[in-house]
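A single chain comes next, written as structure tokens; it is the form predicted alone.
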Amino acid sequence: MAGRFVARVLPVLTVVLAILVIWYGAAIWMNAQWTRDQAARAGQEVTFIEILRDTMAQDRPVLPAPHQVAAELWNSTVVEELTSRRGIVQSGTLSNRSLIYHGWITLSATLLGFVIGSGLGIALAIGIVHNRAMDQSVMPWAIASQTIPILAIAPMIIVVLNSVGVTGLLPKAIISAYLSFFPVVVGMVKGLRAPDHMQLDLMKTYNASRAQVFAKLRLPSSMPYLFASLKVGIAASLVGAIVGELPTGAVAGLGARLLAGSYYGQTVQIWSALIGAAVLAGLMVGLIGLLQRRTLRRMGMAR
């Protein structure tokens, strides 16, 4: 058991260690020029040790070091909520300065968009598989829709919805749905078409109706494909929610944190928001993976 655990953890730790080494090296290299420029203005010379010490503690580094990002994450989550007068301990609600609060705002739009996009994707996939006209008409349009850059279409969606009085969470959710529905369509179509001709012919010999073929054969066969596409879709939905916050000048959400950090040159804040988004995406993908294992195990398709 211990050997199996080490075999699983060791490759992950090796990759993490390699990333940290490269990150620290890049931070020193990219931040060193500012230190040299400051020393040149003062008519001084700096040693490598002084450069190393300064690049690890700059207030506005070009590339923040990992420990600076970790400290910002800790301060903007745990410390903010436990000690700030706006935090949940003092006020009973999440602080609007907390990364947890901003993450929750983005997560709300992500989940709503994911539900809309996944539902639309599954419905379109069922129609495409069972209707030749939809296969020839809807699928090409679904593929063509993904050629439009999301940064171009997001402001259009927000402006149109604002003109009809739709504001708040829904516009961001629709942008999330726009990104998440396509992987679900493609994966579900592939899954519903996974049964071979022999299996379909066998169902015909049983005089099974189209609904019975779908429920007993096509749908169970599509489950591995569906969950794989849902993992891609939930990550794309998070990207859509963040992008949807950028053109609106939002004051809350991970996109708002990124904008505020870029306006004021707070690169540490930008990177902490990016890492927070990555952690959030990892948790959601992991949750879908857990649901996948349990579902497939109950269906007898996995151990």
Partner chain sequence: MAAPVIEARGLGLTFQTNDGPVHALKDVNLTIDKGDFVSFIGPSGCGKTTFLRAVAALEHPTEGTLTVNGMTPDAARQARAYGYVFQAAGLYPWRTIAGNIKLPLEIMGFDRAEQAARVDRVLELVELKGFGNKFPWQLSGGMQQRASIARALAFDADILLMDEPFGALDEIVRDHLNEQLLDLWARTGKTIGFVTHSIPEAVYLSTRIVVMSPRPGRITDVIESPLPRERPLDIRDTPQFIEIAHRVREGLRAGHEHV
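Numbering follows the first chain given and starts at 1. Since we're looking at a predicted model, the values are computed, not measured.
The same protein also has a form predicted in complex with its partner chain, omitted here; what follows describes it.
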is_contact(L111, its partner chain) in the predicted complex, heavy atom dist at most 4.5 Å: no
Its partner chain contact at Y206 in the predicted complex, heavy atom, 4.5 Å: yes
Contact of T77 with its partner chain in the predicted complex (heavy atom, 4.5 Å): no
4.5 Å heavy atom contact, V6 and its partner chain in the predicted complex: no
Among the candidates R193, H130, R97, K216, the residue which, in the predicted complex, approaches its partner chain to within 4.5 Å (heavy atoms): K216
Listed residue that, although its partner chain is not shown, lies within 4.5 Å of it in the predicted complex (heavy atoms), from I148, V166, M134, L202: L202
Per-stretch contact check against its partner chain in the predicted complex, the hit in 157-165, 122-130, 229-237, 216-224 (non-hydrogen atom, 4.5 angstroms): 216-224
